[in-house]
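One chain comes next, on its own, written as structure tokens: the form predicted on its own.
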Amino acid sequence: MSVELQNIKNRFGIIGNFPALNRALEKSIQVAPTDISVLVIGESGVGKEFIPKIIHAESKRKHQPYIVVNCGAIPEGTIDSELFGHEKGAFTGATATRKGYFEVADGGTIFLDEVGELPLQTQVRLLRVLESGEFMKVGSSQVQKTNVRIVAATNVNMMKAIHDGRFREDLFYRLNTVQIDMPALRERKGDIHLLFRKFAIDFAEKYRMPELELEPNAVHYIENYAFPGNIRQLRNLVEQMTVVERNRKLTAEKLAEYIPMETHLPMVVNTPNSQKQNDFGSEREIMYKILFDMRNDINDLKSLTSELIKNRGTADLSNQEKNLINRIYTPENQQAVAPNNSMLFFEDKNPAVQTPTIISNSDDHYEDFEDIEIEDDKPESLSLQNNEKDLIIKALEKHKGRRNKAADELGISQRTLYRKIKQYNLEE
């Protein structure tokens, strides 16, 4: 190990000699004197935040501002203002002109943590900064210049995010001029006990308690634990046991109370099989949502047709509307709500001459529509969406575009009607 690398470890309190960790630190030292953009890749809790600190401290910008921005913690509606600033009156609550991080950090370094969570609109602005050093405040048309070095980090699978349309490919390659990979703790088995001892000393001093120690079987146990939360999880574990445990020598059985055997398994990350399982879960959720929306749409349509029958009767129903009603109200599982507690059916069994007839019914229950077919001069559309769209158009025309009246006529809420108008492009 080089003297420079050891000095960096001592300076920033980095513990471990795992080759992949040393390689990440060496790359940080090598790129620090330049202004190259760096992307740090690694799971949550592996210590990615040390890399931009090292890069800034070893660069010519070390006496200039160093700003950390957690992109995942800033709401989407305000992140542009946070990064680029805003003019007075640019939006509600903008009572004064505000400088953004890129203006404040001019000449220094910005660390964009969780950069994979940036909204697409913000990604466009960030790409412009990387390409030309230019940006505009929210609500301003004046272009400003900034000289900022960007170091970004993420625990997201960036190639999948690009494939899913959640991250711009051109921005990824601009950020990823140099990629630094931080290894997971489970890959650094030889470093786990060293880190445990480091945290045990720190918390013993903090809480003024004796230092924790591990029995040999406990060392073997902890070195073979997967640590899905990586270094952050190990640190929290040591802090908890420092405060709670009276016996300062820990056995494997005692560790098992904090990290049970059922979780004492290797954690597989970003493998093809696990990715397929994640994709399957996402697709299943999407299918559930689609089915749920379809059920709501069908219920709205049933209410719509029932209300039309109540308001208009059945004599003036078009053939298209008759087909729609008989497809919805099947004898197997639906009941039609006919006007004045009556049941609606078609008397004549000849499909060519069937007309609706209303018969009084004293009960609150109604007979189902008979399953019929109605012939017409031209083929009727069998699309449920087309029929629904036609009924909405007729209701809007009847009430001269007044949506509240049309919604009452159709027997649905105004919110549902607005959604349907937008869905069928009936805004005009």
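Note that the coordinates shown come from a computational prediction; the quantities given were computed from them, not determined experimentally. Think of the rigid core as the biggest set of C-alphas that the two forms share within 1.5 Å after superposition. All residue numbers refer to positions in the sequence shown, first residue = 1.
Although it is not shown, the form predicted in complex with a small molecule is what the next lines describe.
Between the small molecule and the residues S37, Q64, S44, S59, the one pair within 4.5 Å by heavy atoms in the predicted complex involves S44. Contact check for E49: a non-hydrogen atom falls within 4.5 Å of the small molecule in the predicted complex.
The small molecule in the predicted complex is approached by L195, whose closest heavy atom lies within 4.5 angstroms of it. The small molecule in the predicted complex comes within 4.5 Å of no heavy atom belonging to K137. By the criterion of a heavy atom within 4.5 Å, P19 is excluded from the residues contacting the small molecule in the predicted complex.
In short, of 165-173, 230-238, 144-152, 91-99 it is 230-238 that has heavy atoms within 4.5 Å of the small molecule in the predicted complex. Fitting the two forms on the rigid core leaves the C-alpha of G16 displaced by under 2 angstroms between this form and the one not shown.
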